[in-house]
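Quick setup: one chain, the form predicted alone, written in structure tokens, and binding and motion questions come after.
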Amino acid sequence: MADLAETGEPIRIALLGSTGSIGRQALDVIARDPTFRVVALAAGSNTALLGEQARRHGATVVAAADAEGLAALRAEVGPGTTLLAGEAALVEIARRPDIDMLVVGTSGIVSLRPVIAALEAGTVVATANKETLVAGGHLVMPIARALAARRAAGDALDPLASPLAWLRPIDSEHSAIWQCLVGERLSTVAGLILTASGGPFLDTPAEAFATIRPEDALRHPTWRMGAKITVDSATLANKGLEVIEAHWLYDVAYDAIEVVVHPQSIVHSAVRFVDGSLKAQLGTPDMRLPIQYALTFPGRRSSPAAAPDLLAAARLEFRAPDEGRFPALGIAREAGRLGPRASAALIAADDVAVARFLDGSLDFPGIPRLLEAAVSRTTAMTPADAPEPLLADVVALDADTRAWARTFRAAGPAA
């Protein structure tokens, strides 16, 4: 496969999760650049928007979550459009020979199979899906590294001679680290610094956490995101998940991954090198920038995202995270150290915990309690000599943890 940026042909894209926050912003980026062509779109229940997106962007393959959604789509798209439904459709799309890049904007374990399928087919993946690495990093990264090694054997300077060129992170923090590492050797990296905004409760006393309402947690001070990631930002669980992702993406030990609270969200992350240098990436809080970087790597193009105005920012603050008030960060880091089963249980439990908080069946401090209990439960059930879980094991563990988490009662004081 040639470098996507240099073929002169349109970059053919399949987008999973097109109706979500990441998917809509990805389509905005794609629509601004004539070198991209949408081939396939997939989404869940919002078939009206999915059909409208398919017509507007000329997608010839469209997939819905189920047969009911498929029936609704028939009235929304043209007669020449191929319609698919179900989880198997995502894998079918990922394996198509007429796509150059799979862009993943979905959440949940459902995206792990298509990511693996795309990489095995030699297709570049750009993903915002956290389960890809938190639950399946041990399955996904060996494929990306093998693809990169084959390219490096032919030309060490080939842009695709890096695992990050095959599994491209769509995330402001991981995009920042990726950009800081371009042209650098991992052997010269002393540590990674992930920045966190701190969310809306950065200075809220712990004793007030039990009265936090969903509408309070959804008022993020700097980012406009989907409900799940916004609540994860409020608990700092998202930063713990990003620590696990960083471990797999950059092959860096957990002890070398630091989290720093930066309320202005201008410095998106940084890399510390062995010579004492610190390289950071700065940008305005706009997800279109990391999305576009993933799509256009190794090049850069003009973007709708404005560059940060340092004079207007005036001051950039940094502080240590308070893991006493935000225990989800430490719980996630420990889950990563315990291995893929613990981290798979963690992210499944977090999905349920956030949903329960939003529907009122779990209070805000109950989120980290549920996460800690899920990790402890899975660790207790896992033999010390258990091998790393296969894909089927990860999927089964995800389902089991979700079922358990829906009935969990988070009694007791906050961790």
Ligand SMILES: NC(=O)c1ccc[n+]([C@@H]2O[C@H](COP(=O)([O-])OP(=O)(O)OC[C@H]3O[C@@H](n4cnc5c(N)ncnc54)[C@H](OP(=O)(O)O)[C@@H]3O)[C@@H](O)[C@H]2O)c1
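Heads up: residue numbers just count along the shown sequence, starting at 1. Fair warning: this is a prediction, and the values are worked out from it, not measured in the lab.
The form predicted in complex with the named molecule is left out here; the points below concern that form.
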Worksheet, complete the sentence: With the partner omitted here, the residue among 73, 329, 229, 165 that in the predicted complex has a heavy atom within 4.5 Å of the named molecule is 229
Fill in: Answer option from 128, 192, 102, 344, heavy atom within 4.5 Å of the named molecule in the predicted complex
128
Worksheet item: When the named molecule is placed as it is in the predicted complex, which of 107 to 115, 293 to 301, 200 to 208, 273 to 281 ends up with heavy atoms within 4.5 Å of it?
Response: 107 to 115
Discussion item. Residue 46 versus the named molecule, in the predicted complex: is there a non-hydrogen atom within 4.5 Å?
Written reply: yes
Worksheet item: Taking 4.5 angstroms as the cut-off for heavy atoms, does residue 84 touch the named molecule in the predicted complex?
Response: no
Worksheet item: Any chance residue 22 has a heavy atom within 4.5 Å of the named molecule in the predicted complex?
Response: yes
Worksheet item: Does the named molecule get within 4.5 angstroms of any non-hydrogen atom of residue 225 in the predicted complex?
Response: yes
